[in-house]
Ligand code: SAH
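Okay, so here's just one chain, in C-alpha cells, the form predicted on its own.
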Amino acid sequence: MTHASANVDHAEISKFEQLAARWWDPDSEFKTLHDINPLRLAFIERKVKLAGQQVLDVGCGGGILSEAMALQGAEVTGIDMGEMPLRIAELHTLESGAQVKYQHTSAEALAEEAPASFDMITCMELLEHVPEPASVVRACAQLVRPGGYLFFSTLNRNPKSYLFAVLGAEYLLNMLPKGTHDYARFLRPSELARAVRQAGLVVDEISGLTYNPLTQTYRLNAHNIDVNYLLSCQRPAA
C-alpha cells in the first residue's frame, strides 16, 4: 500500500457510507453540516471571490460545500474516499443543476498526479477523521497554486470541546450519531498551524464557529476557538 492511499481509516469511511443516503436531508444526521455551510462559505468569500476559481474540496462527502461553491461560479472538483457519498453527491447535482466534478481519490494521491492544479483548496471536517492529518495538509499545500488560499476546519482538543462536541452533540442533544468523533483525534489550533507552516504555508486567520443551544444557531466568532474552528492560509506566491 502506498503512503498516498494509507492515510485512510476504513472504519471512519464505513460510518459515513452507511449514512450516505441521508446526506442531503437537512433534518438528518447531517443537519449540522447544512446549518454551518453558509458560515463556511462566508468565511471563504471574505478571502476569495469564488467565481472563476478552480477549487478542490478535499473530503467533500455528499457535496454540500462543493455545490455551494459551484453555485457561486467556482469550477469545483470534490474528492472523497467514500464511494457512496460521492454517488449521492453526483445524483444531487442532477436535482440542483450545480456543476461539480467528483473523484474517488485521496488528497495525497491527487497531489502526486496533479500538483499545483488548483487556485484554492477547502478541507472541512476531515482532519479529525484521518490517521495523519499533517499528511493531508502537506498534500493540500502541493495541490494549490502559488498565491492560492487554503481553508481547513476541525475541532479543538480540550475539556470544553469534549463536553460540547462529543458528550453534548452526540449523547445529550443527539445532534450527531454516537461515535461520530474520536476526541483523541481533535487538533489544537497550534497543532494545525504548525502542520500548515511545516507544509510551507502561511497562516492567515483562525476563527471559531460557535453554537447557541437556546437559539439553535451558529455564528463565526474570532474570539472563541474553543470547540469548532476554521483556519485560512496561503501558499506564498512564486
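Just count from 1 along the sequence shown to find any residue number. Just so we're clear, the structure is a prediction, and the values are computed from it rather than from any experiment.
We do not show the form predicted together with the ligand, though everything after this point is about it.
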Looking at Ile13, Leu220, Ile225, Ala21 here, can you tell me which has any non-hydrogen atom within 4.5 angstroms of the ligand in the model of the complex? Ile13
Within 4.5 Å of the ligand in the model of the complex, heavy atoms considered, which of Glu125, Glu75, Glu90, Asp119? Glu125
Counting only non-hydrogen atoms, choose the one of 32-40, 191-199, 205-213, 46-54 that falls within 4.5 Å of the ligand in the model of the complex. 32-40
Quick one: is Cys60 in contact with the ligand in the model of the complex, heavy atoms, 4.5 Å cut-off? yes
With a cut-off of 4.5 Å between heavy atoms, is Val144 one of the residues that contacts the ligand in the model of the complex? no
Using a 4.5 Å heavy atom cut-off, state whether Gln234 contacts the ligand in the model of the complex. no
is_contact(Leu71, the ligand) in the model of the complex, heavy atom dist at most 4.5 Å: no
Residues from 83-103 in contact with the ligand (non-hydrogen atom within 4.5 Å) in the model of the complex: Pro85
